[in-house]
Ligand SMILES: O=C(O)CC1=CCC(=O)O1
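Encoded as structure tokens, the following chain is the form predicted alone, with no partner shown.
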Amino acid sequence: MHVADLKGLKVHYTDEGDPNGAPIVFVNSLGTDLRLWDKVVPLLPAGLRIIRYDKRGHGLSGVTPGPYKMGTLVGDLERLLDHLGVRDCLLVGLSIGGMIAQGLAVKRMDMVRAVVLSNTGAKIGTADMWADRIAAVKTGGIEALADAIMERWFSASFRETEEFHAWRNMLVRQPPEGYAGCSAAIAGTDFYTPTSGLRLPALGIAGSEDGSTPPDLVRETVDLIPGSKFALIRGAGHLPCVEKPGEYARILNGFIAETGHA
């Protein structure tokens, strides 16, 4: 296990593949840890340096008192990549991870050369909606929201599989303080203006059955970046890298090839 001490926050991460290869960095969704990408990583081209991490309040990383700001979460990733000496990475972010990716791409042009915005938006939901979820978590824990979240995360067919139960367990075992803290960060974020100023290769990926960030939201967000591309994965919900890893990897690998990131 690798743990970086970043100004008092201990961040769990993995650093795999070729240490001298072109870096690709993955940022997880709300309520998941770095295992979110387990099915995709083995399908990536050889020669890449592959970095994953557990964001603040998730997985094996440290939990700090909430609420969190999006700038704090962006800063966590910035410090981790500085710690690892990463520049010119391909940054892949899903859901809140896609928001963190937008924020870092705006802040550190030297650090991000291309971005994949997966199942995300420049703005997700409303402040009132997130306030209700935060209150529910504080009252009844993540379990109180779990069934509704699972319906947004996964297609009906996937919810009938045995694997589904493992993902539900991953969700409810996240620290409630971290889940609520990151929910507050999403509630306070509107990246429409800063994201519209980005000028770099960008790809949006959406799932046709996504109940959290529908395809139109993903397309609207990535369309803010001139020259961007968009891909829809049919039959998948909010986590297409879990439900359709082969198709997800095919789309991602095509973008890697197109951008010369190898």
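Note that residue numbering begins at 1 and tracks the sequence as displayed. Only a predicted model underlies this, so the values are computations on that prediction, with no experimental measurement involved.
What comes next is about the form predicted in complex with this ligand, which does not appear here.
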{"item": "Answer option from L203, L30, V218, L36, heavy atom within 4.5 Å of this ligand in the predicted complex", "value": "L30"}
{"item": "Listed residue that, although this ligand is not shown, lies within 4.5 Å of it in the predicted complex (heavy atoms), from I149, V74, A122, I134", "value": "I149"}
{"item": "Touches this ligand in the predicted complex: I96 (any heavy atom, 4.5 Å)", "value": "yes"}
{"item": "Partner contact for Y179 in the predicted complex: this ligand, 4.5 angstroms, heavy atom", "value": "yes"}
{"item": "Contact label in the predicted complex: F158 to this ligand, heavy atom within 4.5 Å", "value": "no"}
{"item": "Contact label in the predicted complex: S228 to this ligand, heavy atom within 4.5 Å", "value": "no"}
{"item": "Contact segment among 106 to 114, 162 to 170, 125 to 133, 76 to 84, judged by heavy atoms lying within 4.5 Å of this ligand in the predicted complex", "value": "125 to 133"}
{"item": "Sequence-ordered list of residues in 180 to 205 near this ligand in the predicted complex, where near means a heavy atom within 4.5 Å", "value": "I186"}
